[in-house]
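Next up is one chain by itself, shown in structure tokens, the form predicted on its own.
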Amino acid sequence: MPIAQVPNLMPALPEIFLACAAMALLMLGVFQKPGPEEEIKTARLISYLSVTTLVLALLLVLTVSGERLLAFGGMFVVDPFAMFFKVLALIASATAIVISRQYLEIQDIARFEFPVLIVLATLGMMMMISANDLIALYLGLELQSLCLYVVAAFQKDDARSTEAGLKYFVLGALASGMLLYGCSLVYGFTGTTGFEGLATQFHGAAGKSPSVGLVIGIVFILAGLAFKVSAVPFHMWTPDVYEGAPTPVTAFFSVAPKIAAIALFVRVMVGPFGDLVAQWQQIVIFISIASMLLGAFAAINQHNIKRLMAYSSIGHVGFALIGLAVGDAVGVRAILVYMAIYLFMTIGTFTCILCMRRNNRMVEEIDDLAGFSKSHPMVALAMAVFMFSMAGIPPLAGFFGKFYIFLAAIEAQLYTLAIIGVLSSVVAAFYYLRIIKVMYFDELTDSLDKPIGREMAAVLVGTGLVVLLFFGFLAPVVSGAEGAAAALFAG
């Protein structure tokens, strides 16, 4: 084959590396000796190797990225926007594997397949983030989703975990069907699936109304993507799946897939459909308001902390979608900053939840945290920091996330959206502060187990310091987000 015809695979090098590494890890696990002790050793080895794989992929992302590059006939794009979100997704996935090891061993479900599935799901997320075509978008989404269906039901002897996996699979299949139908309508009315081709068609359509069929196609795509980010009214799976899935899986669900889906949401709406903002902006505003309000009010009466975090995540998606509703580079910059902060707050919170054990059994009720500050003073302090940050109390990281989101809305003159966002944030502060009250002011009844493990302690310290001292490195994060947002609009 002549050199000129060799495809340039360099932009997709991190994804190719992850795919090959996942296959190698799978083969390594399969050919290990049988037996319970060997199984645990193999699971540990594969976990460490999976984290190393994700870290190496992160280094490759930072090496390959910089300018806008295309691969696979323009279906795959790498730019600063993709790099920013890929870094977040890889950090989230690696941390999820780290905090899961101890839990899986205690619950006697330590299997080497778990970290491999996380690596394969991360590969799907990276493909989603770099999708530049409706077909590439769907391939990445399905690769991610198929892995997530399995890990949701990973604790197969637990009825709740099996139910969570089944619910997620059925509703996920429905959402995928809606997304695919929307893509087929868009292709039918435009004759192309490429984002650049679609953007070119709509660029000269200023003042012209698109066909009804095309608008219906966009609505179906919006519905499918809204399910993936668990935005209202496609949120119904979230509380049940978060509660039923093993806690490390819930931690993973709440950050990595959500970050990738938000990135995809932004790229699809701003890229090919950027010039049709008048057609989709009102839908995004409605989804944003509904998500913020439901996330604020539905969580008030929750007693299970994982269900509470499910509604909290729905509320956070509502805040992030304010930036998309703005529809310009300032709004996208706000989303990037918000998701970076959301990652560390949420991973830290779920690490604290994983410390809630009594007689080596997980407990999930908020009331079980009574007297937590006396039995686990440092973990309780970390949990308090994360709760204050999620409530948006300055000078913690969560305050800056909401500040940039609301600032973008005000600059775009979306005053009602900003006001509803602020009021929702005030209501949500109630249930975050209630957790702090239970930890510090309720009487200790039955103490939780003490040891938390070095890995979890390291994650708690790392995420806690990021949330606590975020104001110290706010400028580089904001400038990176600004460059990523500008690259998306330049492309």
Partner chain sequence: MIIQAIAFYLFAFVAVAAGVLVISARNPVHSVLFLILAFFSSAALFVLMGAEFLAMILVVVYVGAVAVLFLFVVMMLDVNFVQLREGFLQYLPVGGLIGLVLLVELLVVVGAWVFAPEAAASGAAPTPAPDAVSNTHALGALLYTRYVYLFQAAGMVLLVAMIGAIVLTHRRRAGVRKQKIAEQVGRRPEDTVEVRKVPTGQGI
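Computed from a prediction, not measured in an experiment: that's the story for all the values here. Residue numbers count along the first chain shown, from 1.
Another form exists, predicted together with the partner chain; not displayed. Remarks below refer to it.
Quiz item: Hey, of 340-348, 251-259, 74-82, 377-385, which bit sits against the partner chain in the model of the complex at 4.5 Å between non-hydrogen atoms?
Solution: Contact-bearing stretch, as computed: 74-82.
Quiz prompt | Selected contact from V215, L174, L146, L180, since only one has a non-hydrogen atom within 4.5 angstroms of the partner chain in the model of the complex | solution = Only one option qualifies, and that one is L146.
Practice problem: Go through M23, V478, L13, L469 and name the one with a heavy atom inside 4.5 Å of the partner chain in the model of the complex. | Solution: The option sitting close enough to the partner is M23.
Quiz item: Counting only non-hydrogen atoms and a 4.5 angstroms cut-off, does L123 reach the partner chain in the model of the complex?
Solution: Answer yes; at least one heavy atom of L123 falls within 4.5 Å of the partner chain in the model of the complex.
Self-check item: E163: touches the partner chain in the model of the complex, heavy atom cutoff 4.5 angstroms
Solution: Looking in the model of the complex, residue contacts with the partner chain do not include E163, since no heavy atom lies within 4.5 Å.
Quiz item: Taking heavy atoms and a 4.5 Å cut-off, does A136 contact the partner chain in the model of the complex?
Solution: Flag for A136 set to yes.
Practice problem: Would you please decide whether V150 lies within 4.5 angstroms of the partner chain in the model of the complex, comparing each non-hydrogen atom pair? | Solution: Output for V150 is yes: heavy atoms within 4.5 Å of the partner chain.
Exercise. Flag this candidate site as yes only if E39, L117 and Y187 all have a heavy atom within 4.5 Å of the partner chain in the model of the complex; otherwise mark no.
Key: Per the other structure, all of E39, L117 and Y187 touch the partner chain.
Self-check item: Residues within 4.5 Å of the partner chain in the model of the complex, restricted to 153-169 and counted by heavy atom
Solution: Result: A153, F154, K156, D157.
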